[in-house]
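Here's a solo chain for you in structure tokens, the form predicted alone.
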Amino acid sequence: MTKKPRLVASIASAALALAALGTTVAIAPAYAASCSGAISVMAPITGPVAFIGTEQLNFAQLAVADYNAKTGATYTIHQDDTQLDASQASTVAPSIVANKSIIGVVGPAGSQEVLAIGGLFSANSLALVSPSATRTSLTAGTYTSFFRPIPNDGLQGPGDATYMAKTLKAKEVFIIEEKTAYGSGLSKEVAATLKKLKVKVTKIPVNEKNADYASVVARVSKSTNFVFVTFQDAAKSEQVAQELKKERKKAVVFGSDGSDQPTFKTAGSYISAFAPDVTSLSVAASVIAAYKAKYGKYTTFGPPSYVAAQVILEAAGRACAAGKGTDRTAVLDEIRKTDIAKTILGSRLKFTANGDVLGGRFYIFRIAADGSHQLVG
């Protein structure tokens, strides 16, 4: 008789804790505290775009720490470096699947990596929640354990093209298509919409490595308004922008979400982003304050990783509350039911049947003279 009130109080306490995380589903701490496991972060922790992986890793670590503190659970992070390379992702994927302590994956970061390992993870009912892979076809139904809390290129491509044509009044656009799963898919989306809007389009494919951007820029006509680039390494976007200035051409670089990195800083350039600048969002205030205090600066690549980890953690919590432990299939089933009232990205999170976020949108920023990003669309 004396134990019942304490149990009820504990359950209420956990429900309040998860409410603070934004979930609409309560969880009993008696189960949450007894369940444990690891979340893999598949990201470019080293290599030319290591800042992306480091940022995604740090935000995921923060999400785990927050969840553990609020529920009494003991989840951990497992680091899996992919260097944003499909072959590297394929190398580490089998060990992740074999590690039975791993209940879900934040990542991979790049679309080419998902194409390389998505089938293996789906076959083993291991959830992938990517904070940055945007290729449209990834949610065409092939990868049944893949989800993303960000919109796909089916929105980004037409959205960027429409903004260039209708808002910026572009008449001629030159597209540099990097030959990756991400670059090829996105350039196709952009080109198709531009042509529908009667904009002249020239598309030049380039290799991911060792491309000669000076010779590519030499082919940009004097009447071109924008050079749309589909790079995943923003240093290349900056190189193109500087080559345009060197050649005294009026065209301005418009970078896709892969260009939203500190290395792309030419004033007047445009960037598309799959997440908002959460700095001014009240729902993100405590998380961002904690992140800055511990890790420092961040970009739009980081916050979606917090949300991706939150999705897995809350799904595992619900599976535990139902007495299913942290079985991968149970966690995967609960991820499909995700309904978070408001994430740190400022909006509600529910997934479509194929794993896309409902109601997603892209944001367009212009790089100011001081290097800051000004929201313009």
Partner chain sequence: MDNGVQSVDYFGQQMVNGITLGGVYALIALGYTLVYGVLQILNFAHGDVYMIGAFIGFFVMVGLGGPSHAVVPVAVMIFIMFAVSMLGSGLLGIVIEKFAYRPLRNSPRIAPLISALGVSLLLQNGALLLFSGSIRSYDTSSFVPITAGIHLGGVTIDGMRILVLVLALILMFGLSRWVNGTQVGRAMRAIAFDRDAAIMMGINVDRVIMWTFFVGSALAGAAGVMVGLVFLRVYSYMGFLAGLKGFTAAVVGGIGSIPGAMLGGVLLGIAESMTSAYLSPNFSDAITFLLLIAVMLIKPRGLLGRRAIVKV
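For the two forms, the rigid core is made up of the largest set of C-alpha atoms that agree within 1.5 Å on superposition. Positions refer to the first chain, counted from 1. A quick note: this is a predicted structure, and the numbers were derived from the prediction, not measured.
Although it is not shown, the form predicted in complex with the partner chain is what the next lines describe.
Proximity to the partner chain in the model of the complex holds for all of 45, 204 and 218, with the criterion being a heavy atom within 4.5 Å. Across the options 150 to 158, 262 to 270, 126 to 134, 163 to 171, residues that bring heavy atoms within 4.5 Å of the partner chain in the model of the complex belong to 262 to 270. Mapping the unseen interface onto this chain, residue 210 counts among the residues with a heavy atom inside 4.5 Å of the partner chain in the model of the complex.
Although the partner is absent here, residue 257 lies well away from the partner chain in the model of the complex, with no heavy atom inside 4.5 Å. Of the heavy atoms in residue 351, none are within 4.5 Å of the partner chain in the model of the complex.
At the 4.5 Å threshold, heavy atoms of residue 198 stay clear of the partner chain in the model of the complex, well away from it.
Among 235, 283, 140, 290, the residue placing a heavy atom within 4.5 Å of the partner chain in the model of the complex is 235. In terms of contact with the partner chain in the model of the complex, the residue from 193, 239, 144, 225 that brings a heavy atom within 4.5 Å is 239. Residues from 242 to 271 that approach the partner chain in the model of the complex with a non-hydrogen atom closer than or equal to 4.5 Å are 242, 243, 245, 246, 247, 248, 263, 265, in the order they occur in the chain. A displacement of less than 2 angstroms separates the C-alpha positions of residue 133 between the shown form and the other one, with the rigid core held in common. With the core held fixed, residue 258 shows a CA shift of 2 Å or greater between the shown form and the other one. Relative to the superposed core, residue 124 undergoes a Cα shift smaller than 2 Å between the shown form and the other one. Distance between the C-alpha atoms of residue 208 and residue 298: shorter in the model of the complex than here (change of 3 Å or more). Compared with the form shown, the residue 208-residue 299 C-alpha separation decreases in the model of the complex, the change being 3 Å or greater.
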